[in-house]
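In structure tokens, one chain follows: the form predicted on its own.
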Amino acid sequence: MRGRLRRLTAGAAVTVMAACTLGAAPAAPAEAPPAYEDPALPVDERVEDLLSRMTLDDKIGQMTQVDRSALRTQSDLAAYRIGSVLSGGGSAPSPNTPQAWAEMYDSFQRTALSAPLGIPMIYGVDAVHGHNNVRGATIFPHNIGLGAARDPELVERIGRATAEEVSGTGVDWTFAPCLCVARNDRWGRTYESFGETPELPGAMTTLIDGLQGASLDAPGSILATAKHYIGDGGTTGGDQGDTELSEAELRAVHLPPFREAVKRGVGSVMVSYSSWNGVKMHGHRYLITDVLKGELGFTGFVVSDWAGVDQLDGREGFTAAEVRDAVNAGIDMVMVPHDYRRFIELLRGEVRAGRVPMERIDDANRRILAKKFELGLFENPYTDRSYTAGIGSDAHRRLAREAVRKSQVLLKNSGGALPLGKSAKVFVAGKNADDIGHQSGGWTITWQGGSGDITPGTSILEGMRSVASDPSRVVYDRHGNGIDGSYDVAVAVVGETPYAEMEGDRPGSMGLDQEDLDTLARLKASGVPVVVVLVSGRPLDIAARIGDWDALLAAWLPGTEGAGVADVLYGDYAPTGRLPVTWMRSASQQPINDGDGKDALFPFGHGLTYTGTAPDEPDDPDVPDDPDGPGHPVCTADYRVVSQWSGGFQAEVTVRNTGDAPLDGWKAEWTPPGPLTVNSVWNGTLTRTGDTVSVTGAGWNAKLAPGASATFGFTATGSPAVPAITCTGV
């Protein structure tokens, strides 16, 4: 069971009242509850029984999602049979506390359950780096930092901690993870991407496992969302732009992470605002119904983005035609989010006119209701308060600090400027040194984020003082005033201020702002070594400035636990992060990506470290070299074609360690049975010698424990015939 407070059925309530009425006539036997209320029945049987009892209004209501602030009256939840409520960025109860969230959720749920069929609502939030709408929640690094950490197991643990904090407010559903493959750093969503190559977001779909748990109805499990389907990271024109690619390129770059998400059983998929070659995704039947639901076998439900249906005709507001086209394209739940009464009226009219088939309405409801049953909402619809006290817990903050230190990427370190000595006299400057809001970035408490102490946490400056042997030797002035030659080193914490999509697009310059440049000039003039800590959601244009700096650490957007940055600065942990994106030499190079031949300042995967091994990264056990001795590395490879189209196909290969010792690496080899041109490969490195094709593991999937497996894939033109394939372990 999901661990929520159990509600009484109407029949149970009658029985309790009869038992408490002394001297009353024996009550008539209670009518057997309907099959959909029987948790012992399979989910599909419960869905079909409930569907058979639902009116058209019941079904349309289930397909409607409303922002909490848009409800004209709370009773509309029952009157219009609303299936889902959400909190957009910054849409929170007052006061913004975990307890207030739980009370709000339970109040909404009680109203939803008062409708005749008692169908519970499902509540969604953008918990994209922790439960970031809630003041006091643990805020983890944004995805770009987790991509730099390259640690899928860590990401899964973050998913689990996030799910528990979300559960403590009653919320059932998060619009995460974002699986976009960010191909242009001018885009304001860059920090929402795990990286610029498909294998990084694909590997980090372990977040879904953490969010959804062993089963959706287990305590502390919530529904995950893979977003934004599809191609939103490859647009021209920034956020909500057009992804101008061939289908082969779209499949090679942007589809693989969604395929991985579907394999992990992700419960919902959110459609992108963007277009593909001029056609809005919210109306793209081929990609939503044929590819996602058909080819990939996605069985969950598809939700629109915020007012995304409104954009199909390019004019403000939604029309009957837009509603019809979106639902017929395969969208199951519409994030209206405001004028829900008009939306319901329009969809009802389209169904009655026969322009939206009843089969489409029933399919959408089956998908939505199935997830509500799987979540255990019918049995336990209210907040599990056992998780409420754990929001922002010490354990979760320790996990966030671990994630922060693993995400740090050391880009430059001249003369051993880092690590700092614990007793060094350090001058700290910069607008991002002592600002929780800045280091947390957008999607924190509000949509675009904010400055200052917007939520409890530890700033980078506070973290440095806590790690140094004498806090008084860490002196701070935001603008760099007061520095002199008596200091051992100056640390400038500079970079971006918070933003989210739309407002975060940077079509012009991508360099540091004037305040940062002035601060850095003051530090440089002092003559002491300068260490720059860059807090940003993407690479910035710094090539002309980096020569003035002795060291450069990319801290990304670390969230509330700034001490993780201090852990690396002072050498308690050596930096292990590697760039998840290519670092431009100038903004004019955008878009710049791995393998495109452009001269980067720092290539994809770049990352320095200190001497020795980081304390939390122990050496892997040695694998014996004797091919006949114990512990001999053995592996197998399974090759399969997963999709075909005119002139091309996509294949995947699963490599498995079948030996009794760890593999430090693996190589799959085959000879194509006919002409073959490989267009793109992910989760591996491909080489070709004559007729032989070989793929070796990527950095995060090359090492396999006994019994473990890794999967790589590629798109190609030529024969899709399955070849004989071998695997060699090293």
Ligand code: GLC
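Here the structure is a predicted model, which means the values were calculated and not measured. The first residue of the shown sequence is 1; numbering continues from there.
The same protein has a further form, the form predicted in complex with ligand GLC, not shown here; the description that follows concerns it.
Contact check for Asp151: every heavy atom lies farther than 4.5 Å from ligand GLC in the predicted bound form. The closest non-hydrogen atom of Asp126 lies within 4.5 Å of ligand GLC in the predicted bound form. Although the partner is absent here, Tyr191 sits far enough away that none of its heavy atoms falls within 4.5 Å of ligand GLC in the predicted bound form. Put simply, Leu411 is far from ligand GLC in the predicted bound form: not one heavy atom of it is within 4.5 Å. Look at 597-605, 556-564, 490-498, 301-309: in the predicted bound form, residues with non-hydrogen atoms within 4.5 angstroms of ligand GLC sit in 301-309. Although ligand GLC is omitted here, in the predicted bound form none of Ile122, Trp173 and Gly265 has a heavy atom within 4.5 Å of it. Contact with ligand GLC in the predicted bound form, defined as a heavy atom within 4.5 Å, holds for exactly one of His284, Arg81, His228, Lys406, namely His228. Think of it this way: in the predicted bound form, ligand GLC has a heavy atom of just one of Trp276, Tyr340, Tyr273, Trp549 within 4.5 Å, and the residue is Tyr273. Contacts with ligand GLC in the predicted bound form, taken as any heavy atom within 4.5 Å, map within 83-100 to Leu86, Gly88, Gly89.
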